[in-house]
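Encoded as structure tokens, the following chain is the form predicted alone, with no partner shown.
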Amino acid sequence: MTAIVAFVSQKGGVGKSTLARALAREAAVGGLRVKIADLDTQQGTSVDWHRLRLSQNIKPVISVEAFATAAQALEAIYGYDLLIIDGPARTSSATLEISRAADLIVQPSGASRDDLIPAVREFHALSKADISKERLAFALNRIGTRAEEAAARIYLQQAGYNVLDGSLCDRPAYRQAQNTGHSITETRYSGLNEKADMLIQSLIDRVTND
């Protein structure tokens, strides 16, 4: 049976594609047959990353394909152990369709009020549409300090939602890795790789335990 993980966001640039690609890479290294369905037809960030990765002959090879609709993406599950949906850059009608099909819905968020408040509203909307809170999880991204991470974690938990263990700090090395077709677990720095892997492993544990 194919597991489905969806990455959604209420605005662009919060790290949705970053996490989708890292999960795909780690799952593929673990021996799973993985596919990323890129639903951001305007930007196609994951598709572009895939082409760059192929041109640089980076292993493992990860299947990535663009889809115009959520329904088309969900038809691509056959033959894969894990389907990762990189959702539209902003909330759309596809968000709810994706969420209803996914085993886990992950929303990245920064630590500022400008990120946290609309992110919580997005999950509130999904909850009101009968999406179980057990299938909703936040991932903290672009964190500056431990205190900032702790405060954001408390805010999201008090709002009633799960927050994945670990976080991504704001480091140029993560951007540089992705600029060369790598994922955030494939930087030149072992410490940053380990920090990214902690967050991704928390995500994998949620999928395998559900």
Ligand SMILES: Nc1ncnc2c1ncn2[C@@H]1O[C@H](COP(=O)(O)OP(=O)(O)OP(=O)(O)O)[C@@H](O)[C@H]1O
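Quick caveat, the model's predicted, so the values are computed rather than measured. Residue indices: 1-based, along the sequence shown.
The form predicted in complex with the ligand is left out here; the points below concern that form.
Have a look at 25-33, 156-164, 174-182, 59-67 and name the one stretch with heavy atoms inside 4.5 Å of the ligand in the model of the complex. That would be 174-182.
Taking the ligand in the model of the complex as the reference, which of 89, 120, 94, 104 has a non-hydrogen atom within 4.5 Å? Result of the distance check: 89.
I'd like to check something about residue 53: if you look in the model of the complex, is any of its heavy atoms closer than or equal to 4.5 Å to a heavy atom of the ligand? Flag for residue 53 set to no.
Residue 200 within 4.5 Å of the ligand in the model of the complex, heavy atoms: Residue 200 lies outside the contact set for the ligand.
Residue 40 within 4.5 Å of the ligand in the model of the complex, heavy atoms: Answer yes; at least one heavy atom of residue 40 falls within 4.5 Å of the ligand in the model of the complex.
With the partner left out of view, is residue 169 within 4.5 angstroms of the ligand in the model of the complex by any non-hydrogen atom? Yes - in the model of the complex, heavy atoms of residue 169 and the ligand come within 4.5 Å of each other.
In sequence order, which positions of 59-80 have a non-hydrogen atom within 4.5 Å of the ligand in the model of the complex? Sequence-ordered list is empty.
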